[in-house]
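Starting off, we have a lone chain in the form predicted on its own, written out as structure tokens.
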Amino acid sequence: MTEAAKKLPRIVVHEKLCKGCSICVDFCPTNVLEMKGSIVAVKNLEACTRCQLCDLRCPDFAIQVFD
């Protein structure tokens, strides 16, 4: 496995912007995210494929995925 493949992405949740709609959780194809109360949280970062569907679908710009 290459060094780039081992590096985990960084997912930033801006809690003040998150309204708890769970769209990001619903669109994540690898179940990286979960709802903790009314805020999204990362539950399985190792499963993230960097598809950025969560980032693209969030209507409030509350989540960002970085390499």
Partner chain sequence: MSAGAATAKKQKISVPFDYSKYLRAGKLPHIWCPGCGHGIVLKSLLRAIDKSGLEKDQICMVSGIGCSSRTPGYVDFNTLHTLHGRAVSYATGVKLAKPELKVIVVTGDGDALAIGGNHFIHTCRRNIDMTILVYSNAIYGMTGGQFSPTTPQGSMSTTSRYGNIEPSFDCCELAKASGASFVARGTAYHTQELERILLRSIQHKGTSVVEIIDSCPVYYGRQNKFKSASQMMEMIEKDGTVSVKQADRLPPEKVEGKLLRGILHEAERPEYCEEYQRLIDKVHGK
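Residue numbers count along the first chain shown, from 1. Remember, it's a predicted structure, so these values are computed and weren't measured experimentally.
The same protein also has a form predicted together with its partner chain, omitted here; what follows describes it.
S.K.: Does its partner chain come within 4.5 Å of any heavy atom of residue 48 in the model of the complex?
M.R.: Output for residue 48 is no: heavy atoms all beyond 4.5 Å of its partner chain.
S.K.: With heavy atoms only and a cut-off of 4.5 Å, decide whether residue 13 touches its partner chain in the model of the complex.
M.R.: So residue 13 does not count as contacting its partner chain.
S.K.: Spell out, yes or no, whether the shortest heavy atom distance between residue 34 and its partner chain in the model of the complex is within 4.5 Å.
M.R.: No, residue 34 stays farther than 4.5 Å from its partner chain in the model of the complex.
S.K.: Taking heavy atoms only, is residue 57 within 4.5 angstroms of its partner chain in the model of the complex?
M.R.: Contact check for residue 57: yes, within 4.5 Å of its partner chain in the model of the complex.
S.K.: Judged by heavy atom distances of 4.5 Å or less, which residues of 31 to 53 approach its partner chain in the model of the complex?
M.R.: If the 4.5 Å heavy-atom criterion is applied to its partner chain in the model of the complex, 31 to 53 yields only 52.
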